[in-house]
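We begin with a single chain expressed as structure tokens, specifically the form predicted on its own.
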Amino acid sequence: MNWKNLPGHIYESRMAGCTLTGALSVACFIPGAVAVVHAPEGCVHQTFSMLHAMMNDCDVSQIPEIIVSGIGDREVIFGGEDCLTAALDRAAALNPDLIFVVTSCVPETIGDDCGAVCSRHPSADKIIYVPTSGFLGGSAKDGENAVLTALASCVPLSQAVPGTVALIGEKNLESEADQNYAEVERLLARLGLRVTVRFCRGCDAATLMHLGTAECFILRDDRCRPAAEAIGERFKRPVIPEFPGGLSGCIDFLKNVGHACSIPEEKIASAVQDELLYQDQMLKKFSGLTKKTICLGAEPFAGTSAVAREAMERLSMQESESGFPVKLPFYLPVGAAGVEKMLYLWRRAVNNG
């Protein structure tokens, strides 16, 4: 197929993935939950093949519980609501904590009233219906946001517990997610804050229901901004727009989170000073790179060049097209830890040629 000949909106939709893929990447990794997919079997086979490959990369060995309704020719002609009910019966028989129902393009096209089927099922109190609608519902990013928003709408309103924050939008199959989490935890500890909920990475249903107790929400990155904004509005709490990128990002992060959680100015200033000293100590390990001239090359992820150049300036390094070629990280380095890992790779490349 020649993609260039397609109308722009169709091209973008196909290249940005299917809502079903994005929705399952969140819904099917919640411990104790079952994902019911109302779709032909082929939709789930294609989606799970991709997720399975990503699971191998991330060393995730637990196979998620997914049940497909299996829409066939008969359902396309006469309607697929009965086969959705049967799939819900199979899911309920497993006695899960939650049942997510997501959909492909087909039930949207044939007009199944999936919401009504879910609401009249005996296990309706456990069911979270997310009308993702496959490619008709948008992109994979829309699917992720839809599940996060739908799940948050089930969380009870609560009083904020001082000193607590929640993270929004960490990807279940993201590489280095736990290393990035550790860096965020390190920075939050300077302010005396702790993470109570990682919404929805590795949290069971009971833990997720504590989302509303956080003083503020910290968004992983811009990908899940719609869900974070909806969550912030639901609980009337501030949302920090992203994890800290690079060295100065740590300083901005401390100030922004500190103000969002009403931390006294003196404590924020102390945390910033301690962080600057910590960064200076970290950079001393790479003093051998001082005055070196390197070539950064192409930027694989937006913002990585700025983070790299800031680290170079702190180390008095030079940039030139004729300099030693080094690679920029594929993802935005999170905090000082992300910069440290980048500098390790640069030092190894420069020393080993």
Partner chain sequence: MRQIALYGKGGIGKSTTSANLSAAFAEKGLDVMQIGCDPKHDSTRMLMHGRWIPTVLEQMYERKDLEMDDVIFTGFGGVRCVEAGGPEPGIGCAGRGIIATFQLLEKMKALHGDVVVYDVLGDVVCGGFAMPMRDGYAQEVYLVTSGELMSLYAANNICKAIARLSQRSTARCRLGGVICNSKNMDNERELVAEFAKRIGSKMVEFVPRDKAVQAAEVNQMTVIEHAPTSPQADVYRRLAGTILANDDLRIPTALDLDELEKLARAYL
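Numbering follows the first chain given and starts at 1. Since we're looking at a predicted model, the values are computed, not measured.
Omitted from view is the form predicted in complex with the partner chain, to which the following refers.
K.L.:
Please determine whether Ile128 contacts the partner chain in the model of the complex, using a 4.5 Å cut-off between heavy atoms.
P.N.:
Outside the cut-off, so no.
K.L.:
Could you confirm whether Asp73 comes within 4.5 Å of the partner chain in the model of the complex, counting heavy atoms only?
P.N.:
Because a heavy atom of Asp73 falls inside 4.5 Å of the partner chain in the model of the complex, the answer is yes.
K.L.:
Please tell me whether any heavy atom belonging to Gly79 falls inside 4.5 Å of a heavy atom of the partner chain, as the geometry stands in the model of the complex.
P.N.:
Result yes; Gly79 sits at the interface with the partner chain in the model of the complex.
K.L.:
Does any part of Ile110 reach within 4.5 Å of the partner chain in the model of the complex? Heavy atoms only, please.
P.N.:
Heavy-atom contact with the partner chain at 4.5 Å: present for Ile110.
K.L.:
If contact means a heavy atom within 4.5 Å, which one of 194 to 202, 218 to 226, 79 to 87, 174 to 182 is the stretch that engages the partner chain in the model of the complex?
P.N.:
That would be 79 to 87.
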